[in-house]
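What follows is one chain in structure tokens, specifically the form predicted alone.
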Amino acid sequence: MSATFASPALKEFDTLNWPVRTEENWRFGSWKEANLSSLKPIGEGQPAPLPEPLDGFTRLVIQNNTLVSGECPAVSVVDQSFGPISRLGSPKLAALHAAQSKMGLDVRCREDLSLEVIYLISGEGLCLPGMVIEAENGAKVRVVQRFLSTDDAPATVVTATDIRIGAQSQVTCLVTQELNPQSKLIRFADSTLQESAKSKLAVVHTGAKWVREETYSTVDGSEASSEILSVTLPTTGQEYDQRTLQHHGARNTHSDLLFKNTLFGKARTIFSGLIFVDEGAHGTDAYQTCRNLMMTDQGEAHSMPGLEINADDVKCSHGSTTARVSDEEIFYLMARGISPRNARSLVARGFSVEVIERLEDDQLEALALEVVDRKFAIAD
């Protein structure tokens, strides 16, 4: 688990190495993009028009490293990192966050909460926001994080989220990433679930030229259930690299991962996932699915699902598929007066909707579809 907010900057940062090609956790990935040694912390942010607020949500707005509007009794602003730990190949990047982050949100919920956090990113350099979410005493928590560029500068966002879900509590978290095509995003996402806890953690990636995302879910309490969802829509010049681990440490736990990538042009995606079942974690029920829809012949999708099971009486499965939009589907829609381009977009949109509907929240589904539709409107 991650360290606490009181952690000092990591002394070992200088002793760690940037990722290299030979590391298994960087297989197929653009490891050179992860060398951020030449970057300095980003300067002051700039305002921009905000999207419509979500009904019933408390909104916080952050410009680069400064909270500029909004407040919530359940949220404290801290000026340091909570010290994320990378288990999936990026200890140097996690140490960078621990050493340099000056913007963190500490969200502690003993009652129901709906929170929207908008990150407005501008300028060139490093931006390192972080968030800890603690849900206790059966609380029901909804959190939306939106990453939006306000200019065309090549910002690099290194962000970390640590979600700790107590017994009987429920957390639904949606992250949308719409950074400009010159930017990078590196995201660490940890979650830990106690007895009978439930989580739905979803991301929608449409922006940035390069994304590296490491998601580690620990299901530590019996009868706990974790869902991990992702929709990505990369086009030429974009690469999305996602690494996941579903860790089952108790009896009668459940996890389900569903990632769907729609690739346009010469886009690249990498998915590497592992379901790990501890000794004694009998009754585990775990699934892992990655599906790739290729809109052209030039895209590149690499999928590496895996299982490691150390217990009896478990039900675990994983799989990956890669396919083109079928000519029959396009012909069917064209015969009804729909142009070829719109027909392809409709098929691709339907492919993504299955993931979004798993949120089971009308507001969050509408937001995710809005982000997806904006990308479809410009994708070739």
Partner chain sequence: MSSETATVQQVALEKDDVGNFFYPEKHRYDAGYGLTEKTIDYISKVKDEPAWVNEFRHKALKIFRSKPMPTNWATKDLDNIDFDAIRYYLSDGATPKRSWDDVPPEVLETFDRLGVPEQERAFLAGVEAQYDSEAAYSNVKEALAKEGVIFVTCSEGLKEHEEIFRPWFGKVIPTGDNKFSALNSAVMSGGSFIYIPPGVKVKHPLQAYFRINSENFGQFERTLIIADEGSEVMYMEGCTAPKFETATLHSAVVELVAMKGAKIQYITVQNWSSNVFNLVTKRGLAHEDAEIRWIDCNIGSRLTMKYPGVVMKGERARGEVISIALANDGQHQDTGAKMIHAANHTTSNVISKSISVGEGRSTYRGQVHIPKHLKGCKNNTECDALLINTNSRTDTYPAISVHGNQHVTQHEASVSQVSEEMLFYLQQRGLSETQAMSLAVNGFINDLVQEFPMEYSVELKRLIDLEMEGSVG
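What you see is a predicted model; the values in this text were computed from it and never measured. Residue numbers count along the first chain shown, from 1.
This next part talks about the form predicted together with its partner chain, which is not shown.
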Within a 4.5 Å heavy atom cut-off, is Glu308 in contact with its partner chain in the model of the complex?
-> yes
Should Met295 be classed as touching its partner chain in the model of the complex when contacts are defined as heavy atoms within 4.5 Å?
-> yes
4.5 Å heavy atom contact, Pro53 and its partner chain in the model of the complex = no
Is there a heavy atom of Cys316 lying 4.5 Å or less from a heavy atom of its partner chain in the model of the complex?
-> yes
Looking at 345-353, 42-50, 332-340, 24-32, which lies within 4.5 angstroms of its partner chain in the model of the complex, counting heavy atoms?
-> 24-32
Contact residue in the model of the complex, chosen from Gly207, Gly83, Gly299, Gly130 - any heavy atom within 4.5 Å of its partner chain = Gly299
Near its partner chain in the model of the complex, with a heavy atom at 4.5 Å or closer, the residues from 318-343 are His318, Gly319, Ser320, Thr321, Thr322, Ala323, Arg324
